[in-house]
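Next up: just one chain, as structure tokens, the form predicted alone.
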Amino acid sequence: MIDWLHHLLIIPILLPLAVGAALIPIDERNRMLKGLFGFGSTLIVFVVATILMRIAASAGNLPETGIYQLGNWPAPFGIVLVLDRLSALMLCLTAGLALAAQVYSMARWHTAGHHFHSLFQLLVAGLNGAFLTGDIFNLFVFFEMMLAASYGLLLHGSGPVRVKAGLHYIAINLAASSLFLIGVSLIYGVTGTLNMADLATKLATLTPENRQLVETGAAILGIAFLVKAGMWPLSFWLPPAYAAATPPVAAVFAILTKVGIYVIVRLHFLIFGAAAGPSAGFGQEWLVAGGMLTIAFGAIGVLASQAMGRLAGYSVLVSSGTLLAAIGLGHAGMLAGALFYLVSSTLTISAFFLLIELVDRGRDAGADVLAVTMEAYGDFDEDEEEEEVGAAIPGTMAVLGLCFCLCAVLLSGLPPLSGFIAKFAILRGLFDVPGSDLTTAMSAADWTYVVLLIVSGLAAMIAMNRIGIRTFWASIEGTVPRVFVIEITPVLVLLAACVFLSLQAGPAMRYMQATADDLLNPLLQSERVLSAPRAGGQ
């Protein structure tokens, strides 16, 4: 990698960190100025992430590519940042969601509290650091930076509902952070290293007693990340917290659960991959069981939700459960489809969170309860019938309705959009068993996953149809919300990204397959990190 390109790897962390700190002393009366600085920072990070993704896609297997040694100390002794296809993908996804959320916030939400843009930049820096770091301790550092910023952002705008949900969110994540430290301590005490690549080479050489201690530490560490990923029964905090957050915060929070998924994918395939000896595949059964229960819990929550905010929160759980179970089932062919699903579902849910507030502006606070009452007891007198030839649909409601329909199709996994392509790719990888009879090659867990994947899509379709009819077709309020261009544009851009992903499904799946191949070859990844030369050829 050319020298100046090599230093691009630190920018997604350093730039938002510096800008976030620089914005703190600026007076809150200059929020628009702070917003412009924040937007410029996020835009630069997005451009850099796009360049890094192109580099990762074309890098091949050169050992020096994408390894950034801070202080010029080689791994495993120094801090290293590691760029590969997966981390580059997550950087692009984070920057894209951050741009959309930040533009949306500048309409009015950034004025609801203090230091919104500083906290937002620190959140972006923490996310990018978590995706790029090559060792578990610095993963903890970036994880805490991300969480600290998310505490402030969740409470942004105050209000009793938001404060109550925020305090629950803070308590559960502080407990998860404590578990994180305990797990890290156990692993370091046995192996003497926290570098992921170094751990991958040492695990197979441990004695049975030490290996059990490492597995115990990894299990405790896994609980911390499964809390963040929202796996049942560790997920009761998530729907209320995400529903209470302001729309731009909830939109960027859509990727916070994917941090937990990302770390589990990284540690599962790198440290507990095929080269881990007796520890290979450690924890897979728990991921399968927990993932399937999460899908079921999320689908029930989606059906039971009367408010769109809670429906979106439970949709996050369905997404997390789908990914966790796909990882745990251990079929190599499913991994590329799961990565495609990760991108599609995150973009969709983020757009949905932004859309909800725009739609709710035209609805009465008690409309959902009244609608349920009318469904149960009837809402009209059979003797009184109104003759109505047709009704004009205001332009604003037409645009909002179109966006809602796209979200419904994507969340339900209906063709021809990316939600369907992602689920089809997952099922194809599950059914693709060369040289074997399908009925004997697939286990009961595999068939259960197929049923849950289909049922969860059906649940999303029913719930979205029900809310869509009440809101756009048979609305009892009839109020047209006032929507600014700066608010609807991010929603349209995120949904357009899903449409583009559908149109470019072939190249996207090739990238996902290459990413999956990298993950399934952990020794190559370890060799890249541990053999990377120091700057200047020293």
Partner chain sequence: MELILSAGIGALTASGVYLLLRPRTYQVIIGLSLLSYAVNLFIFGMGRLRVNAPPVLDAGGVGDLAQYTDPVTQALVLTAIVIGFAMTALFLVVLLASRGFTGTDHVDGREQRHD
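Numbering follows the first chain given and starts at 1. These figures come from a predicted structure and were not determined experimentally.
Below, we refer to the form predicted together with its partner chain, which is not included among the displayed structures.
- Checked against its partner chain in the predicted complex, the residues E144, D198, D84, D446 give one hit for a heavy atom within 4.5 Å, which is E144.
- Taking a 4.5 Å heavy atom cutoff to its partner chain in the predicted complex, the contact residue among F297, Y188, W237, F282 is Y188.
- Look at 332-340, 163-171, 302-310, 348-356: in the predicted complex, residues with non-hydrogen atoms within 4.5 angstroms of its partner chain sit in 163-171.
- In the predicted complex, its partner chain sits beyond 4.5 Å of every heavy atom of W73.
- Contact annotation: I454 falls outside 4.5 Å of its partner chain in the predicted complex, judged by heavy atom distances.
- In the predicted complex, none of the heavy atoms of C92 sits within 4.5 Å of a heavy atom of its partner chain.
- Contact between M464 and its partner chain in the predicted complex is not found at the 4.5 Å heavy atom cutoff.
- Shown here without its partner chain, the chain has no residue in 505-528 lying with a heavy atom within 4.5 Å of that partner in the predicted complex.
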